[in-house]
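This document opens with one chain alone, in structure tokens, the form predicted on its own.
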């Protein structure tokens, strides 16, 4: 069993149809911790030692957020800048995160085909998240491809509910070590893997 920490960063959750449904599907499980950064730190006064203790206590870190201008909301960047200290998270003596796993769970307004080399945005979401991937690797973490809710502007309620079920199944699979992705370097996202996992009766 793995302990999973969901670091959630959305500055306006009350306006998000998608993330409300994703949050509702976070499993009520003793090995899953849901941590809302904007709720916890409304003035961005991040408790560095408290956040480091949370990371210490978990094996897998899921960064959940809406895609903002090809990046993360500002709170998540602030969190990275303050919490991932040299000598703790990286550097010759910074080994606290070594061997842990990180992945992103995010929403994007555009459809999947827009995030391809020949698509509107020219790059995949994974390529655009390269700074996070390199950060994880610098800290000695295993980095999995992102899980993405694409095309959020046009999703029906039924599809949003289905994405919520998939997200819950993803988190449960991470806890149980059941996700069949040992090395995701060749994948742009985990969507098809998770969907197949749900189809196999996990959800």
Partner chain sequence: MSTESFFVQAFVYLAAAVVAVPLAKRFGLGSVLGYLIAGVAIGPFGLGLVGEEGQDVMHFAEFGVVMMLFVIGLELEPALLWRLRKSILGLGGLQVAITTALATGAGMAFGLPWQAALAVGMTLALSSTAIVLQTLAEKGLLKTTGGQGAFSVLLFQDIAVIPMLALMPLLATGHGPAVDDSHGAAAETLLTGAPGWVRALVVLGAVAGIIVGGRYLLRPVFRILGMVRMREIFTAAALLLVIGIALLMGEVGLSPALGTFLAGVVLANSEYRHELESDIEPFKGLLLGLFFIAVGASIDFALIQARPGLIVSLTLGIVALKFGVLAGLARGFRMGADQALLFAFALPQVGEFAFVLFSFAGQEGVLEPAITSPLVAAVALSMALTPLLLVLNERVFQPQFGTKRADDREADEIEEVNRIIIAGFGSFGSTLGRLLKANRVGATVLDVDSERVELLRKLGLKVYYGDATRYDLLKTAGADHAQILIIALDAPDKTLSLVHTARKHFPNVTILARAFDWSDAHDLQEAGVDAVYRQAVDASLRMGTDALRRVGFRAFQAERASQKFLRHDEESVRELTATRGQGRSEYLTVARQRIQDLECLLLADLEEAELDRDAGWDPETLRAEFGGGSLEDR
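Fair warning: this is a prediction, and the values are worked out from it, not measured in the lab. Numbering follows the first chain given and starts at 1.
The discussion below concerns the form predicted in complex with the partner chain, not included here.
Not one of 83, 88 and 137 places a heavy atom within 4.5 Å of the partner chain in the model of the complex. Shown alone, this chain has one stretch from 151-159, 171-179, 47-55, 24-32 that lies within 4.5 Å of the partner chain in the model of the complex by heavy atoms: 151-159. When the partner chain is considered in the model of the complex, residue 192 lies well away from it, no heavy atom lying within 4.5 Å.
Proximity of residue 68 to the partner chain in the model of the complex falls within the 4.5 Å heavy atom cutoff. In the model of the complex, the partner chain sits within 4.5 Å of a heavy atom of residue 10. Within this chain, residue 59 is remote from the site of the partner chain in the model of the complex, having no heavy atom within 4.5 Å. With contact defined as any non-hydrogen atom lying within 4.5 angstroms of the partner chain in the model of the complex, the contacting residues in 41-56 are 42, 43, 44, given in sequence order.
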